[in-house]
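Consider the single chain below, provided in structure tokens and representing the form predicted alone.
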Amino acid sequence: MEGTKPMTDTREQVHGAMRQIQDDIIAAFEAVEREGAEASGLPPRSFVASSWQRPGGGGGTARVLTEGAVFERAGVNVSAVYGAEVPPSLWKERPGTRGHPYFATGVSMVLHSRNPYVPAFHANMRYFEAGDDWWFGGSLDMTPSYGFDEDIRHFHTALKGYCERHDLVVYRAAKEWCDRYFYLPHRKEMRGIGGIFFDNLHPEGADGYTRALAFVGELTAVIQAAYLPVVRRHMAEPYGDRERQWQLYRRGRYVEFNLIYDRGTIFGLQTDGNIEAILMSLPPLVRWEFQYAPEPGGPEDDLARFLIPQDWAG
């Protein structure tokens, strides 16, 4: 494979970049949480850290906020793990890595909002080494309970600009990959309104690794530009039990995807990762209904039109 291969001493560099993202994005989330707490008269909540060690090598730190004024649960996890042999979930997608030792580090986050009009959000950035191979991957996506065209156009336009600034990931291809990835075949619908998904990022040239790391390192700024304006737009919007019950019902789709299809969940379980950190992505409350259908023509029914692939960035 062409391009400069990072040596082992770059592992701490890229892991340090993931830890910096964790610190920076938590500061941004806590700032929003303080705004919401002040507006609602509730006490502000902060992220609490819990570190863990993996028996097979490596570990991580999960930082979680619970019962906040804005975020009912928010988790930002950083990990770095290594082992003697690539797990099946990885070598099945990259057969050339089978039987090789591996190193993986990344940051992942999931936010479940209190207000039903504020979308849930997920993002992750990851780096792998296996044998002589290395690559980056990542994704950002948003999952609303109620759809607003303005929010979704804003979100996708910000992600398109992010991709175009770095010229490493083609927005349209990453958007289409995200639409395919965050899809529930048994429901025949997307989990949310998508975003971008990329993998196997190994730019050619002597500066390939540096360019890829710079792309990953911009994650905090992208979230502040793409997602947090949507949060601030809706976090004080009035709602009642109808909206809350619909939010809990839609969270069921999030749980179904993460427990059945999500590659990160599968990788964490196959590498004996910390179960609490792996499952921090799940919402604190959720409900399922048998053969439930929203009222035709209502705002809940309107969500369906957002759960199909569309060109939101124009």
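Owing to the predicted nature of the structure, the values given are computational and were not obtained by experimental measurement. Residue positions are given as counts along the sequence shown, with the first one as 1.
What follows is about the form predicted in complex with another copy of the chain, which we do not show.
Peer 1: In the predicted complex, which of the stretches 122 to 130, 180 to 188, 235 to 243, 205 to 213 has residues with heavy atoms within 4.5 Å of another copy of the chain?
Peer 2: Heavy atoms within 4.5 Å of another copy of the chain in the predicted complex occur in 180 to 188.
Peer 1: Could you tell me if residue 248 has a non-hydrogen atom within 4.5 Å of another copy of the chain in the predicted complex?
Peer 2: Contact check for residue 248: yes, within 4.5 Å of another copy of the chain in the predicted complex.
Peer 1: Considering only heavy atoms, tell me if residue 276 and another copy of the chain come within 4.5 Å of each other in the predicted complex.
Peer 2: Residue-level check for residue 276: yes, a contact with another copy of the chain.
Peer 1: In the predicted complex, does residue 34 have a heavy atom within 4.5 Å of another copy of the chain?
Peer 2: Result no; residue 34 lies far from another copy of the chain in the predicted complex.
Peer 1: Can residue 64 be called a contact residue for another copy of the chain in the predicted complex at 4.5 Å between heavy atoms?
Peer 2: Yes, residue 64 is a contact residue.
Peer 1: In sequence order, which positions of 272 to 290 have a non-hydrogen atom within 4.5 Å of another copy of the chain in the predicted complex?
Peer 2: The stretch touches the partner through 272, 275, 276, 277, 279, 280, 282, 283, 284, 285, 286, 287, 288, 289, 290.
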